[in-house]
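Below you will find one chain, with nothing else, as structure tokens; this is the form predicted alone, and questions on how it binds or moves follow later.
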Amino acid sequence: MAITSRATDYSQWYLDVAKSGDLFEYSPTPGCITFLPKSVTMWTRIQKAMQEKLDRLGVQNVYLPMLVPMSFFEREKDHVEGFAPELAVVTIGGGKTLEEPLAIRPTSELLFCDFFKDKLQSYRDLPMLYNQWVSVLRWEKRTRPFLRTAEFYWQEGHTLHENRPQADAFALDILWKVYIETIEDVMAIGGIAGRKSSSEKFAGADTTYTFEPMMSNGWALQICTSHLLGQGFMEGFGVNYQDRDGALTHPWYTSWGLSTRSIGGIISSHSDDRGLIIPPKMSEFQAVILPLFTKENTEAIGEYARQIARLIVGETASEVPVHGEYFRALVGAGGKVELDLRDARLGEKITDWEISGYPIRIECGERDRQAGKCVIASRITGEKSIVTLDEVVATVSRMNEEGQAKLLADSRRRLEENTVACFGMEDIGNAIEAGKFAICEWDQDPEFEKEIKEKFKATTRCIPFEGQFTDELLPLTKEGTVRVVVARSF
């Protein structure tokens, strides 16, 4: 499959990379896709990394129903106004019209409020720290695989705390210690951390925190959010508890989520015109081995390729099918390595490997077998080395580590080099049209946000926290103003 040049048509390039990389198939269900094994593996790696961090914060997993009584939405007006256009509603069950329609879960604040109401009695029950790994459904008019689909997968966390400072601190812990650490360390994506403006925050929230990376076309991607919801939901659902002085009061509520939209961020941030690039920490296979066969040595070269694979994953590795007759994997304590056993030209195999996105390829032919060597190449750094068998494990490990680090460094560099200080609407317009982030001083007048939407089809992405590169890029000159990042977004 030919891949459209990114510079020619970004949207088509993105679709070509995702499709040729075997990440998804289109579904007969409107607005939905089928996640293929490769994208499921990527999501599983994200889950694993995040779950370890959530465990350290004391968060426990639960599962709440996917159907929400419509009457629940009437109790929190800001919330229902935010989600009403996206609701899919079930009106028939078991062949009969339901007495009360049920919305398919767009998010779970409302059900969690009802759940908390029954569990919370006293301050001794706090904090309550819960998370669920589920899918949600939001009826989208325009969809794009992973970045915006009607059904997507995510985690959503919901916690209760005694007071605002504790709730706010936890929401920020989630942002920094769970989301940003995972996004940078595992997904190799850099971004700007900050809070959303009043008009861009989550419906019903007190404060919304976010991390905004720059994709390779200069647009922003809201890859995660963590919300201090305050007490509004608690009041609406009558969630209260007996405090330390014996009085009834409402707890402080947070919610937070990261979804499979992050896979779209990986595609857009890292890939190139040759195809998909998967960060090594998210790759199912540490390497793909491409044996080069001739009629006389098919069996010997195949066994040599397996010998190299066992060096990486362990001598007791088992061989399993991947897809089709000619693709196998060796799976052991050291991980997984794929074998491309097709009797095809090396150039064809290399092209397919580049499209696949896997980080390392290993080539071996008859000359390599006789010399006890192989060729190892990195999809990310472009390095290509001839090594002995004794050097295989260390070389693969080093190339993967260097590849992971390069992707993050490239992402951060793109962001910092293409975020520009602006001092008026003309500057902002020029920056947006050039595919850059604009950062400017803002008095938080909402008319500014209306104007940039109308003129440039852009939005405020975040008000950056201090301590980032944005501090020096735009020193503040007036009392009461803030820095704000303006960009187009997915």
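Throughout, we count residues from 1 along the sequence that is shown. Quick caveat, the model's predicted, so the values are computed rather than measured.
Unshown form predicted in complex with a further copy of the same chain; subsequent notes refer to it.
The closest heavy atom approach of Glu401 to a further copy of the same chain in the predicted complex falls outside 4.5 Å. In the predicted complex, no heavy atom of Thr143 sits within 4.5 Å of a further copy of the same chain. Interface membership of Gly93, defined by any non-hydrogen atom within 4.5 Å of a further copy of the same chain in the predicted complex, is confirmed.
For Asp55, a non-hydrogen atom is located within 4.5 Å of a further copy of the same chain in the predicted complex, even though that partner is not displayed. Proximity to a further copy of the same chain in the predicted complex, taken as heavy atoms within 4.5 Å, picks out 29-37 from the listed stretches 449-457, 29-37, 436-444, 417-425. Contact with a further copy of the same chain in the predicted complex, defined as a heavy atom within 4.5 Å, holds for exactly one of Pro165, Pro85, Gly246, Gly372, namely Pro85.
Contact with a further copy of the same chain in the predicted complex, judged by any heavy atom within 4.5 Å, is made by just one of Leu129, Ala203, Ala169, Val393: Leu129.
Not one of Ala7, Glu299 and Arg413 places a heavy atom within 4.5 Å of a further copy of the same chain in the predicted complex. Contact annotation for 403-424: no residue has a non-hydrogen atom within 4.5 angstroms of a further copy of the same chain in the predicted complex.
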